[in-house]
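One chain is shown next in structure tokens, namely the form predicted alone.
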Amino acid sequence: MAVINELSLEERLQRALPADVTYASVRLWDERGESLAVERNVLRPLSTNFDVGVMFSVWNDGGLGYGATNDLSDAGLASAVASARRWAAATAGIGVVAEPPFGHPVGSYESPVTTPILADDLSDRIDLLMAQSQRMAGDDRLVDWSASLGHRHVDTLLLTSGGGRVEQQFRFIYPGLRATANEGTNTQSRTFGRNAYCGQGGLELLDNYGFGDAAERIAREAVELLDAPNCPTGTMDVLLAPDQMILQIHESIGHPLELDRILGDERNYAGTSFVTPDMFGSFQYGSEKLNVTFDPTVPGQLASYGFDDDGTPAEKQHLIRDGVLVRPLGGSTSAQRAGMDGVATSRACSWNRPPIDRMANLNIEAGESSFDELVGSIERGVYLQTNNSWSIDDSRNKFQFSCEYGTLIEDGELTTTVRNPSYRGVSQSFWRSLDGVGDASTFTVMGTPNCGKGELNQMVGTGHASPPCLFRDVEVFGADA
């Protein structure tokens, strides 16, 4: 964005960094976005946003302080630095980390974009959504439907007192579709992955996700669910589609492995974790088929980047290998506190928030089974698609999740559509029941655009990629259970 390209601003930021402290950095954040939606063939008001500001970090004498401002004048920058100095002095000698665990990185990153979304006129984006909305209309039982498209352009610049410079340019796209059908007291909805089809890139992502072909199917399936029987109740095998796996990964692997949560930082707000530091290196988190990686290098995934917001270079790391827990989701600061190896996962949602341990791209590696082989191995079970609701305890262990759409599997065949399917389990045993992982042809890259954590709260996007996965002997139930 233009703000970052103003060399005079970069020079002023560099000059504002204090040289008489142990370590200092400044992170510039420049964000611009747009949200469009057509509901029941009517264009909703256009929403746009613009936000720019900086945060200074100062480490000195064992203390750490932050100062943030959206006043980019010399006086505004000086005030932010003074605030960071005061907090560093106030925390000197009482902080949990004595020395800054960062270097002075130099590098850059850009989202892979083939067709920039702003290459089209606004009218073209509106026409696209209107056409999708019109494709969903037609059945009298459809009471609501919508098509949406949002994008965010986020440019960041990190400068350090030792000559570090990291510039990153992110281009995010968020397409959405929803159809709701009603008959009497029965209301059913189908969505385009419940906002999971999001990523980095340009308009080419819409074709990659199949956005143009999805509207009629979503409307048809919403109506179909009205006449479908309730999901049966009982212990059976469960095959989770990728758009449900992302929720399963997020809630029962991602959050439990956040190192600051394990250390107790989130206890009074977002909960703790059943995982303890002594588990790493030995705990059997899942079956031998479970391989989970932290991988911010996947092209186009929602949380890909070259460096985290503390400047740590990003690289692929296994968190769980052959079912064994090997590494936490902890940035440099948490890793130093715990005396453990972490990953480049310190992330902030804007200029006015400090980086904290966050999920980024958390993926289940592909296995060896085709989709047909997974289905064919099930005598009695259900195939579940698209998360509808979720509930999990404060330690991220016991959970209960519901899905939009289910299909019974009988004697190795997909048979009857069922509505209101749900399942429950315990993270520690659920992942050990993993008995089949889809191959590379079934691997789907998706994400979660709105993960909240931290005080003050921070909302960030997390990437999740997975093939369909088969779990044995799961407790399944319908709405009448």
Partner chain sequence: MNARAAFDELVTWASGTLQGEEVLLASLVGESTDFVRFNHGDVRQAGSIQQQDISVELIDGRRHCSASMPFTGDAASDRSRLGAALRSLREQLRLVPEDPYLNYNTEVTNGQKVTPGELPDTTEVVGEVRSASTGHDLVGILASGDTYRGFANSLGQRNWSSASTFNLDWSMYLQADKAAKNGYAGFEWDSSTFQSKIDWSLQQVDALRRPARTISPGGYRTFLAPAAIEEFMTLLGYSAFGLRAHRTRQTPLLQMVAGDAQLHPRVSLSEATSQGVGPDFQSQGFLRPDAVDLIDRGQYVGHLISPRSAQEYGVATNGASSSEMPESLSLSTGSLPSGEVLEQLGTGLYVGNLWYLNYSDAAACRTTGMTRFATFWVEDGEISAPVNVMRFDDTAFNLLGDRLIDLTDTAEVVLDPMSYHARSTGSFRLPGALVEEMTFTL
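Positions refer to the first chain, counted from 1. Quantities reported herein were computed from a predicted structural model and do not represent experimental measurements.
Unshown form predicted together with its partner chain; subsequent notes refer to it.
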May I ask you to choose, among N268, T114, S108, S282, the residue with a heavy atom within 4.5 Å of its partner chain in the predicted complex?
N268
Its partner chain isn't shown here, but in the predicted complex which of D295, E251, D237, D155 has a heavy atom within 4.5 Å of it?
E251
Only one of these stretches, 270-278, 219-227, 359-367, 405-413, has heavy atoms within 4.5 Å of its partner chain in the predicted complex; which one is it?
270-278
Residues T48, I94 and N457 are flagged as a possible site; in the predicted complex, is every one of them within 4.5 Å of its partner chain by some non-hydrogen atom?
yes
Closest heavy atom of T442 to its partner chain in the predicted complex, within 4.5 Å or not?
no
Please run the contact check for T417 against its partner chain in the predicted complex: heavy atoms, 4.5 angstroms, yes or no?
no
I'd like to check something about F399: if you look in the predicted complex, is any of its heavy atoms closer than or equal to 4.5 Å to a heavy atom of its partner chain?
yes
State yes or no: in the predicted complex, is some non-hydrogen atom of R44 no more than 4.5 angstroms from a non-hydrogen atom of its partner chain?
yes
Which of the residues spanning 134-154 lie within 4.5 Å of its partner chain in the predicted complex, based on heavy atoms?
V143, D144
